[in-house]
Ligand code: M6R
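In structure tokens, the next block holds one chain alone, the form predicted alone.
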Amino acid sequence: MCGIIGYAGSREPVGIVLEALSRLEYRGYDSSGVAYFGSDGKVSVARASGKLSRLSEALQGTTGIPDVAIGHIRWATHGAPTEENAHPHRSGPIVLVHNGIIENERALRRELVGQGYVFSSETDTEVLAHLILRAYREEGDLSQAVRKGLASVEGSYALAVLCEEAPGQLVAVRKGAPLILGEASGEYFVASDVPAFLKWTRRVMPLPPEVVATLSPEGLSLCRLSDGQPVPAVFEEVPWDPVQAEKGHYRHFMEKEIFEGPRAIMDTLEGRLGEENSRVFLPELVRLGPNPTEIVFVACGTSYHAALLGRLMIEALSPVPVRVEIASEFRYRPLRFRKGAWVVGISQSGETADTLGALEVARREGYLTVGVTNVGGSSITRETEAVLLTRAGPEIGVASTKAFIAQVTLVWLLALYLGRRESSEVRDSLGLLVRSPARLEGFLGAIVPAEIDRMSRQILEARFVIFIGRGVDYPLAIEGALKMKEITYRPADGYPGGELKHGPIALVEPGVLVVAPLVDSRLRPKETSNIREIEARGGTVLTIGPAGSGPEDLVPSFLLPETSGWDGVFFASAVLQLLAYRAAFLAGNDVDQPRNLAKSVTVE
């Protein structure tokens, strides 16, 4: 749940590490720290609790000698977000930063204390520093010490390690948590995510799991954690332009990324349409054989909501039945799916621990697994039989926006791929999808900010907010509620409209606001009935839909373009995202870095 950066090169490293950390701050912002070699040949460590700006202020004017350096931005798991618990952690000459969770930390701590090692923090990371120091005293080589020190460790980790007695060396290794290598002319990087070093190089290589990388200004070597056997390094050029990872003229990354939704759709469609956009090609799935007997989606949070939409789309266009499972609960019960089912895991980062765990169980039980992710080379791409990449580009805001749009695009493509391809329904749906980017771009460009702010203020003034929807509108409702909770911190719940009478309507009274997307034309009369029930009890309702969403006297509070299908999901999603964004902004919240959240949930 944290961000790591490591640098090996001939330039002054402190400024590079701090700038890289600023691009990783979405991964955590409880505390931060750096370690670098000073002019005296010793490793200096600087740490600060709170936001990265505090560390930057403390290090203003500080320089290190051109060599190796590491940095860390923390999202707390073990131990409070204090300076003592901030990374890097040190044991003698060993200094390291860590992302992940050490599951047998207590047993290892007892063992080390019994051997005379002294702990100065509450973190599980300090255990790793002592283990590697113990091994270094025996081996005298940093890479071998890392391999030997980790032999008894259980859990997930990504590490970047320095040794004061081995200047010019930076050792990195991962198991579970992500790490990416970057290569430039005469310098190397290691980071939790590509945007950290995108300013300096676009040549990247995901560090394979349980492989040890030794970086220095002179070069890079890789070996297996288990036996030290060499592993080849293969770098590729990523297509991301550094400008994509910057805010541009927008106030926040979240705002920028909402308006990048049309581009995310177009890029996800690219190369997957043929014969004048009349067919869908997903060659990644050919190796799986015939269509599945059943689709089982596993996902968490926003990805789970995209999967719910995928179920509706696939079952509408194909004969394939679909289930949607919350990944964090999936592996704790027996699997009873049809023989020939595909288990499809959706994860923006490709590193979501619960989703990876669910896919691992499914594969072990003999089901074919498919990964849907935005990050090529992530763990999910290596642990599934087939991978469908969304192409949203880097998403920095913690609250997912354009990545959700790309996921919806991908599951829509999957529905069309599995559908009766000669049917007019499939052809019409595909035509609608192809036109969606241009229509969404035009819609976003025509939005009057004052209309969004008017509704956002109503949300902030409400005592409680309920989101309701039926059919397609139900996943939209719970996604809207999630966005509102994530960045405004206001109480907000989402329900199927028909469930109101089964309990939630007891909450409705004056001061309660209900937000209702009205995209699903089939169920508008039902949703209208729910709205009337709310109004009769003093609740206020904001509706989001095209003209004609309900009876003549029900004019949508926010008007969407006319829609004849699922493209309305894109329009309504954009409005729900903007409502949450503007409400959080007007409330004075940190929109891109909401409290207690991190972009990639890499621990269970």
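Numbers for residues come from their place in the sequence shown, where the first is 1. Since this is a predicted model, take the numbers as computed values, not measurements.
What follows is about the form predicted in complex with the ligand, which we do not show.
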Practice task
Evaluate residue 302 for contact with the ligand in the predicted bound form, applying a 4.5 angstroms cut-off between non-hydrogen atoms, and reply yes or no.
Solution key: yes
Exercise for the section: Consider residue 400 of the chain shown here, and say whether it contacts the ligand in the predicted bound form, taking contact as heavy atoms within 4.5 Å. Expected result: yes
Exercise for the section: Indicate whether the ligand has at least one heavy atom within 4.5 Å of a heavy atom of residue 488 in the predicted bound form. Expected result: no
Handout entry: is_contact(residue 482, the ligand) in the predicted bound form, heavy atom dist at most 4.5 Å
Key = yes
Practice task
Could you work out which of 125, 530, 436, 349 is the residue within 4.5 angstroms of the ligand in the predicted bound form, going by heavy atoms?
Solution key: 349
Problem - Location of the ligand contact in the predicted bound form, chosen stretch of 383 to 391, 467 to 475, 400 to 408, 313 to 321 [non-hydrogen atom, 4.5 Å] - result: 400 to 408
